[in-house]
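Shown here is one chain on its own, the form predicted alone, set out as structure tokens.
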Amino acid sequence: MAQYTRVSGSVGLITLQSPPVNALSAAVRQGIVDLMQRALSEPEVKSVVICGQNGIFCGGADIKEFGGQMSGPPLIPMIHAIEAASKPVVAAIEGIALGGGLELALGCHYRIAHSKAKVGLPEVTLGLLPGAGGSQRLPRLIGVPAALDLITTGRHVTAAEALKFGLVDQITDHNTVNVAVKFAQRVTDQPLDARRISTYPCLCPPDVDVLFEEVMQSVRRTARGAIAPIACVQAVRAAATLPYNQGMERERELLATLFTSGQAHALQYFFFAQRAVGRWSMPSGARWDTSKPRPVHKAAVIGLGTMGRGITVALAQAGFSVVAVETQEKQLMEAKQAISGMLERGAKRRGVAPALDKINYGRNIQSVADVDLVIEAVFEDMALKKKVFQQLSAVCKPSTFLCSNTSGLDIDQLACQTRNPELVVGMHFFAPAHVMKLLEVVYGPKSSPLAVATAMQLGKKIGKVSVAVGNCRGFVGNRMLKPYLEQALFLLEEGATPEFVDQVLEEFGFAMGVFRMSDLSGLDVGWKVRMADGLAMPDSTTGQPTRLRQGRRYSPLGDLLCEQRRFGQKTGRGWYQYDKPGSQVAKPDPWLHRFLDEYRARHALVAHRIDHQEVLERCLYSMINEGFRILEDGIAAGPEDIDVIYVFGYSWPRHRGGPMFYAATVGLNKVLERLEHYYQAHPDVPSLQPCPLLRKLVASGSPPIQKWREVIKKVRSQL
């Protein structure tokens, strides 16, 4: 809906009313059309201002309308009518003007923005392009290079940056609507022909063909198979090379292709999945809307290694007062320097002062006595973490939340070391902790809804996408990663090379294949875990590494490389070779190929031809199968939780929606059939045995992913 009032005698004020972000629903579009006609027909009205209620201009299209038949006035004719109006129309932009909201503002003759407003065309993140003239007007207004940047990335820009581009005419720290009304009165008699952006020539640099070729190559690299960014480049090219009307037709054609694509469906599913994970619930029935978090004013971080430093930076940047504790003097001095550098670089990027004064450093755990919440980030060792939690329980206030940044250790064991186990949760950050968006909030059997709600809220305040998950080995992300990594190793044993496996996974859309990622992380990290589990040990009778551990197939390939001190990039050798330690350029290693040949010969393994399909099916379907087990066990509330974790934490390509959505896209019956095929071929690999929940879903007719929770509830009730 929209409301109309006449202000200052001669200005028609149209206020968009559709909480929470004044999206351009059918009712809002109808309101704009009707009220514009009214304003233009009233002789007393000399100019028009369009604004949004509650300090938000417009968040864009109503995405919920994408799945059905569109009703109400179409957006493009509505914007054209505003641009063609005989009276000046001013957009008063507060809060946000995104997508269709910015396209609406571009149809206005003038744009006034509050200094804290943000604008952008994020349609590419939904698998689309700006389809209401945005791809044609924006290049005409701010130039081709800047428009390409905004449209292909979908990034939001500040009002100051928008003013620099020429995207807005004025910014203000005062009441934006009042400023826009006064501005509208001043321009009442100004001619409007020069203010209609669709009539502007698209000023192009002289080497425009070279520019578009370079941008297209860059976008193809970064898109990793996503088609929307490529279509965005094509749409802007139409603006640069065609008259406006023909450019609009090209925009329409490109949008029509994207709108029905599987990638758009995946990205729109993921948009709603991000919101679903915020509505968390626990097996007890406790929910986000009934569990009020307790405010956190002062937090502490224990252990200032790589993760602790990143967590400290994330907290300080969000405005929290932080006590950062490191007991080793040398480590403390190095951490201070590193944290200061990260804060200064981050502040420079954002154009703000670094939050150096938010951090107090200490060497003694006693310094955290008065904090509201502690995040322990010491080395991933259960005995060490238990000792820290015993100390924290003795030192901290009884009401202090005690959180562990663990990637897979048992939260319940840590809770048992404290006086108040109900206040203990896991907060699994991902490296680098001040950059990565994902936070797994892990609740144990004793964790209270209050503790979960507080950790979830803290994650939100520091800019994380927080997902509540149950307590088990590896939680959700790392538990699913294990069979994925295992299959990659088994493929090497059977004839593949690291570069071929990585190539297939990167062509699928992962930022990095499994072996390149292993080299980056360091092969010794997993090796230490396997040694602690008693896996990375030679056979006691032969002294040779065995390919069977605990009754199941095991690949010792990673252990053998570590014994050769091949730890990856840090040593210049791993699954690949590097020019020098620390180099990031991975090159195929002839030594490794010979090593694999010798390994196969020693174990009488006959190599066979492994194709793209086998790599994808064995790596991805084994991971997905574990996802179904996680759903069956109640570790994740629904498939959306798993998909959000994998996109934000493990570089699963967003345009494929996440592993569980991908399974639904491929077809659950096909996933089941291929898992059965591989399990018959490899009966000593339990991760390939199809999960009962997957069988149940297939038997239920493979319902759409939005209906899985109903089947999951029935399965859990029978366990």
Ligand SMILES: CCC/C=C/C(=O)SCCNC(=O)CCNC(=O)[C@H](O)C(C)(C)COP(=O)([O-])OP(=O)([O-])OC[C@H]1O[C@@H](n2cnc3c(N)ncnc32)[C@H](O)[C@@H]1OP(=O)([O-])[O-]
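Bear in mind that the values here come from a model prediction, so they are computed numbers and not experimental data. For every residue, the number given is its place in the sequence shown, counted from 1.
Omitted here: the form predicted together with the named molecule. The next part is about that form.
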Heavy atom within 4.5 Å of the named molecule in the predicted bound form: which of Cys51, Val28, Leu35, Ala61 fits that? Just give me the one.
-> Ala61
Answer key: of Ala239, Ala132, Met427, Ala468, within 4.5 Å of the named molecule in the predicted bound form (heavy atoms) is Ala132
Within 4.5 Å of the named molecule in the predicted bound form, heavy atom basis, the matching stretch of 331-339, 579-587, 230-238, 92-100 is 92-100
Does the named molecule get within 4.5 angstroms of any non-hydrogen atom of Tyr361 in the predicted bound form?
-> no
Using a 4.5 Å heavy atom cut-off, state whether Pro449 contacts the named molecule in the predicted bound form.
-> no
Is there a heavy atom of Phe272 lying 4.5 Å or less from a heavy atom of the named molecule in the predicted bound form?
-> yes
Any non-hydrogen atom of Tyr679 within 4.5 angstroms of the named molecule in the predicted bound form = no
Applying a 4.5 angstroms cut-off on non-hydrogen atoms, the residues of 618-635 near the named molecule in the predicted bound form are none
